[in-house]
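Just one chain follows, in the form predicted alone, and it is written as C-alpha cells.
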Amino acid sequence: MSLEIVDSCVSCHACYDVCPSNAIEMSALQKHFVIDPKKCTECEGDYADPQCASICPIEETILNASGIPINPLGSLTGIPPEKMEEVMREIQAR
C-alpha cells in the first residue's frame, strides 16, 4: 500500500510537513518529492484521508496504488472539470 507523487509536483513542501509516517522525501533524480512505499501507510490509523493529498495545491499530483488521482481535477476549486472547460472556452472567446 503506497501513494505516488508524479511529475506535476512543484516541490512546495506542503505534503512533506504533514506526512505522519515521514514517507515523503526529495528525489535527486526526479527533482520533486516522492513517497517511500516502504514507509507510506496512506495515513491509515492516523487520519481518515491521506494528508499529503488533502493539502497538495496541485490537482492530480498524488495517485493511489491503482494510479488514480486522489486529489482529482476540481478538488481544490470545487468546480467540476466540465464546467471549468466551458468557462475557459467562454473567456477565451472574448
Partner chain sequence: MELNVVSEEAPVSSAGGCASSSCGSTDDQLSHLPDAIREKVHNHPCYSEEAHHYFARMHVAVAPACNIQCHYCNRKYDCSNESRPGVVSELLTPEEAVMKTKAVAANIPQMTVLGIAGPGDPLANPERTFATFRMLSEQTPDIKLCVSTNGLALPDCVEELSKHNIDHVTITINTVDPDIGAQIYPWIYWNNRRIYGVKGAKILIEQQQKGLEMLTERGILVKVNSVMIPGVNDQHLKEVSRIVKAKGAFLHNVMPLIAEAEHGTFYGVMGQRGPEPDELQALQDECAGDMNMMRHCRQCRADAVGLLGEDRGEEFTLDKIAEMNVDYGKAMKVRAEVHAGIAEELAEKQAKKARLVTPDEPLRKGHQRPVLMAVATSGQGVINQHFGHATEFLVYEASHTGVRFIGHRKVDQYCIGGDTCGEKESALSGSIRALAGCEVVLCAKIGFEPWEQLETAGIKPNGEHAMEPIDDAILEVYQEMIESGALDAAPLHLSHASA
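Positions refer to the first chain, counted from 1. Not measured: the values here are computed from a predicted model. If you superpose the two forms and keep the largest set of C-alpha atoms that fall within 1.5 Å, you have the rigid core.
If you look for the form predicted together with its partner chain, you will not find it shown, but the lines that follow are about it.
Enquirer: With heavy atoms only and a cut-off of 4.5 Å, decide whether I58 touches its partner chain in the predicted complex.
Expert: Taking the distances in the predicted complex, the answer for I58 is yes, it comes within 4.5 Å of its partner chain.
Enquirer: Wondering, does S21 line up within 4.5 Å of its partner chain in the predicted complex on heavy atoms?
Expert: The answer is no: S21 has no heavy atom within 4.5 Å of its partner chain.
Enquirer: Could you tell me if A53 has a non-hydrogen atom within 4.5 Å of its partner chain in the predicted complex?
Expert: Heavy-atom contact with its partner chain at 4.5 Å: present for A53.
Enquirer: If you check in the predicted complex, is E44 within 4.5 Å of its partner chain, heavy atoms only?
Expert: No, E44 stays farther than 4.5 Å from its partner chain in the predicted complex.
Enquirer: Within 4.5 Å of its partner chain in the predicted complex - does that hold for a heavy atom of every one of M84, M88 and I91?
Expert: The answer is yes; M84, M88 and I91 each reach its partner chain.
Enquirer: Listed by sequence position, which residues of 14-34 have a non-hydrogen atom within 4.5 angstroms of its partner chain in the predicted complex?
Expert: A14, D17, V18 sit within 4.5 Å of the partner.
Enquirer: For D17, does the CA position differ by 2 Å or more between the shown form and the other one when the superposition is done on the rigid core?
Expert: No, the C-alpha position differs by under 2 Å between the shown form and the other one.
Enquirer: What happens to the Cα distance from P80 to A48 in the predicted complex: does it get closer or farther than here, with a change of 3 angstroms or more?
Expert: Farther apart in the predicted complex, by 3 Å or more.
Enquirer: Explain in one word, closer or farther, how the Cα atoms of D7 and R89 are placed in the predicted complex relative to this form, where the distance changes by 3 Å or more.
Expert: Closer together, by at least 3 Å.
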